[in-house]
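Below you will find one chain, with nothing else, as structure tokens; this is the form predicted alone, and questions on how it binds or moves follow later.
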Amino acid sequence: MAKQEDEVILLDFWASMFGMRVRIALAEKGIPYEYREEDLKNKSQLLLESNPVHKKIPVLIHNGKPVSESSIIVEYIDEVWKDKAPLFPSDPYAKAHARFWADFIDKKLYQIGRNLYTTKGEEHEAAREEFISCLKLIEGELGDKPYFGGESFGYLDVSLIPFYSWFQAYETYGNMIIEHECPKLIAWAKRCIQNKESVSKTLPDLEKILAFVQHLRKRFGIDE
């Protein structure tokens, strides 16, 4: 069990949807922490020492012990600070089900979304179709529920909602309007922002992410 004097440090980058997950989980639990912004082109020695395998953000350092990978960090937060705002369902099957969809988001949605702004031609068109298909599968899992776990905001909501801040960029470079394709998903995202201060105070402006993606495209040599 966590104690009041715990030292919690988060190594992160402002635009990372994976880092946003951790920030939302910490906010849901009301955990005070020190935020350290990383320069991903010049990573700190602390980051390299804390995550020597992947050398990636986010990393949560709890009383000197580093935890890496956003889904694992969120689960760790939920287990250590279990007395407030549980994120995982107590039922083992429901927990496994939530983990399955979070894994789907990590392995499919992230990479396909990246392809929308880093590829051209046939590869880009394939990414566009697959991205919409993925979103529709996720929307099907949501169904008519207010949140993915039912009536309360939980682990799968935390896993997906940071992607909403990237939706304007996905729409711009994917030539799509996500609300036309997945209206229930957009309604869910707006519900999260409206009802959860942890979300509304964490997600950056969509225009700011769009400008960041425009910068990335220039860096990658896609745009002049």
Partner chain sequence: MAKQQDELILLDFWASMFGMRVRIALAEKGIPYEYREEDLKNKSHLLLESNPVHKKIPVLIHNGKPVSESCIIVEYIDEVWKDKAPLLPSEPYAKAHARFWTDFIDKKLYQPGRNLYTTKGEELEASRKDFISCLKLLEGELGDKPYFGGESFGYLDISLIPFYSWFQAYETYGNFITEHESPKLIAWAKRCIQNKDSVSNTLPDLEKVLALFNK
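Residue numbers count along the first chain shown, from 1. This is a predicted model, so every value here is computed, not measured.
Another form, the form predicted together with its partner chain, is not on view; read the next lines as being about it.
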query	finding
Residue stretch of 189-197, 162-170, 62-70, 175-183 approaching its partner chain in the predicted complex, non-hydrogen atom distance within 4.5 Å	62-70
4.5 Å heavy atom contact, residue 114 and its partner chain in the predicted complex	no
4.5 Å heavy atom contact, residue 104 to its partner chain in the predicted complex	yes
Heavy atom of residue 92 within 4.5 Å of its partner chain in the predicted complex	yes
is_contact(residue 76, its partner chain) in the predicted complex, heavy atom dist at most 4.5 Å	yes
Of 85, 109, 132, 80, the one that lies within 4.5 Å of its partner chain in the predicted complex (heavy atoms)	80
Neighbours of its partner chain in the predicted complex among 24-55 [non-hydrogen atom within 4.5 angstroms]	51, 53, 54
